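To begin, one chain is listed below as structure tokens, in the form predicted alone.
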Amino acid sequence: MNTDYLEINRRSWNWKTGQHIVSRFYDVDGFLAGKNSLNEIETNILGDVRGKSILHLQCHFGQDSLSLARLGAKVVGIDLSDAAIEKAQELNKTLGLDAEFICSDVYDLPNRLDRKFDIVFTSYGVLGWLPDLERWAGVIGRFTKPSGMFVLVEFHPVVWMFDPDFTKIDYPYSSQEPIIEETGTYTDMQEEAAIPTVNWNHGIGDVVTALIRQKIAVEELVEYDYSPYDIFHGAVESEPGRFHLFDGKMPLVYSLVGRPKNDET
């Protein structure tokens, strides 16, 4: 494993944050005017969050965290990128919300935070930046109340097997070896710059096994044949907010709900 992966990826996400803030994809102006950035998949799972404490892992510059705060949740968002956290704090102040943001690597969070939450939440493009899923699952267990739940919504790992044009398979479904690339940003389908990144491919079995080993019982796993985001080359929007590849024959997203396992069960 490249021992500098954290700093390489921090630099990448600091650069991406600057691009994303001004992109049509993130539509910051619309967000400030009241647009909710959450999608139907996660809102259906999360339900009524009023009065609930939520830890949002890998929150980027905080739009989903702040959307949850607007819905009445007490939110703490964490992200590796200091530029993203700075922007999240700025948005939080502008909107007059009370969300809290911490700049931290997921694995280091137990050294930065000491409380438990009703919900631990993470979504879309998050797991590939983490080399050790069992350690990640341990962090989830550390911060979830015994009566709480963990919610993951993530792009399906088959997506990351393909080349950018979805014409051939370039990568393994699951691998312990890091994938070192130079990539641009997915917003507005622009790829003007090549920024080094280090990531890993994790199959669904890897995710479930890691959670089970850390005593997180998986109670629901759902696969979706669409993405709520238009970020994949050749995707077709069959209805508003649902983008399909290969006529819907390929899963693009999955969701998972887990709960801490009682030692008595």
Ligand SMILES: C[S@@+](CC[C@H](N)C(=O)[O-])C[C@H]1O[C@@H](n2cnc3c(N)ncnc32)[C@H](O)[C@@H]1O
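Start at 1 with the first residue shown and count on from there. Values in this document were obtained by computation on a predicted structure and should not be read as measured data.
The following text describes the form predicted in complex with this ligand, which does not appear among the structures shown.
Taking a 4.5 Å heavy atom cutoff to this ligand in the predicted complex, the contact residue among G138, G148, P178, G125 is G125. Comment: this ligand is not present in this chain, but in the predicted complex one of L152, A99, L91, I78 has a heavy atom within 4.5 Å of it, namely I78. If you check this ligand in the predicted complex, you find a heavy atom from every one of W13, D64 and D105 within 4.5 Å. Contact annotation for L130: at least one heavy atom lies within 4.5 Å of this ligand in the predicted complex. In the predicted complex, this ligand sits within 4.5 Å of a heavy atom of Y26. Although the partner is absent from this view, H60 contacts this ligand in the predicted complex, with a non-hydrogen atom inside 4.5 angstroms. Of the heavy atoms in L6, some are within 4.5 Å of this ligand in the predicted complex.
Residues with any non-hydrogen atom within 4.5 angstroms of this ligand in the predicted complex fall in just one of 67 to 75, 169 to 177, 116 to 124, 139 to 147: 116 to 124.
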